[in-house]
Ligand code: DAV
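Next up: a single chain in structure tokens, the form predicted on its own.
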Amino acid sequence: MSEERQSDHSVVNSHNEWDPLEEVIVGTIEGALIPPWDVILEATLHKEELWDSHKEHGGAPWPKELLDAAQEDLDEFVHILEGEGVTVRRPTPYDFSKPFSTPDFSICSSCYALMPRDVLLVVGDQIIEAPMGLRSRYHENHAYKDLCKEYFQLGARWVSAPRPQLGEKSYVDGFVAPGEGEPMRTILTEFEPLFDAADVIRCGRDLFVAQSSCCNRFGIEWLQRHLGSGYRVHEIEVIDTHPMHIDATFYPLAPGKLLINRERVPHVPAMFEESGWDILICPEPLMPESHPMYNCSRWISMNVLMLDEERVIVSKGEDTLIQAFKDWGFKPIPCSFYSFETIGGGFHCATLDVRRRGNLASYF
């Protein structure tokens, strides 16, 4: 591993998923709405029976009992983070209920600020606003503008990727999601660069990206050119009928330890084996099949958050994964999160690590 001294005391400083966490943005339940129906949901929702629900109820608030349960989980999560010495920041309240339009599309509402990991990508001292593929998330970055301005005024770099049009040319006409065993395909065309920040996972000078329902090759190429020769952006082959984001599929947890979803990652890049990394296979999730999930699958279990190279926050109830972490040499911290996962994502989704105590390094 080669290491280069950088400004590890900057207000924004995060190069990987495991350096000691000092400051994090955590999403908010406030104002959360059911995502309004849009063509891209056909490619992201794992259950077709949810389509009619989104068509009928999209843009309305989630049922109060779901929000209250999710809020309890999020409060417990924030309590753990603060108890572990992490500074927690929150988005600015934003009215997601307003309809809006552009020259290329119109939609009845936005949806929420639950998952800052999707919206913003931190690379070193730089914050990158992602060119997101869901129309309902077009203005979601507004909830984070106050924080971005503050970080910029304190010395961070702040940039937005090209603002997408999200018109008809951005999506495959008549798209049908692949069935099990069929060749991988996604709904996005190469008309414009698109990616969610959560389609990217960081490992020092190497970033790993997977095409998904929100990320195309144009977006991957834009990211590589933007970051320049100091970084290497690698595309990971993923097999998934409804691909969306990489952090419940392929997750470098610490130097030399890669967690993967074996169902979705048929080939681990040779660079990991050549560098002696341990390939850790995520065990089957224990979340009951009957547990309601609207935005993601039960494999959200591997969407954990590293506080450092040993401490890892993991969903309470995932006892097999918790034991596996112990066997692998980690120190798991269980936290109730099933209710938040019902309407959102996992711990990694719900956070954006703004500052970790560490330097830019190469691990290969």
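Just so it is clear, the model here is predicted, and its values are computed rather than measured. Note that residue numbering begins at 1 and tracks the sequence as displayed.
In what follows, reference is made to the form predicted together with delta-amino valeric acid (DAV), a form of this protein that is not presented.
Undergrad: From the candidate stretches 25-33, 335-343, 57-65, 292-300, select the single one in contact with delta-amino valeric acid (DAV) in the predicted bound form, where contact means a heavy atom within 4.5 Å.
TA: Looking at the other structure, the answer is 292-300.
Undergrad: Does delta-amino valeric acid (DAV) come within 4.5 Å of any heavy atom of residue 244 in the predicted bound form?
TA: Result yes; residue 244 sits at the interface with delta-amino valeric acid (DAV) in the predicted bound form.
Undergrad: Residue-level question: is residue 215 within 4.5 Å of delta-amino valeric acid (DAV) in the predicted bound form, judged on heavy atoms?
TA: Heavy-atom contact with delta-amino valeric acid (DAV) at 4.5 Å: absent for residue 215.
Undergrad: Flag residue 198 as yes or no: does it have a non-hydrogen atom within 4.5 angstroms of any non-hydrogen atom of delta-amino valeric acid (DAV) in the predicted bound form?
TA: Heavy-atom contact with delta-amino valeric acid (DAV) at 4.5 Å: present for residue 198.
Undergrad: Decide whether residue 205 counts as a contact residue for delta-amino valeric acid (DAV) in the predicted bound form under a heavy atom distance cut-off of 4.5 Å.
TA: So residue 205 does not count as contacting delta-amino valeric acid (DAV).
Undergrad: Pick from 111, 209, 143, 248: which residue has any heavy atom within 4.5 angstroms of delta-amino valeric acid (DAV) in the predicted bound form?
TA: Spelling it out, the residue with a heavy atom inside the cut-off is 248.
Undergrad: Of the options 264, 90, 226, 257, which one has a non-hydrogen atom that comes within 4.5 Å of delta-amino valeric acid (DAV) in the predicted bound form?
TA: Result of the distance check: 264.
Undergrad: So which residues in 327-364, when you check delta-amino valeric acid (DAV) in the predicted bound form, have a heavy atom no farther than 4.5 Å from it?
TA: Heavy-atom contacts to delta-amino valeric acid (DAV) in the predicted bound form: only 349.
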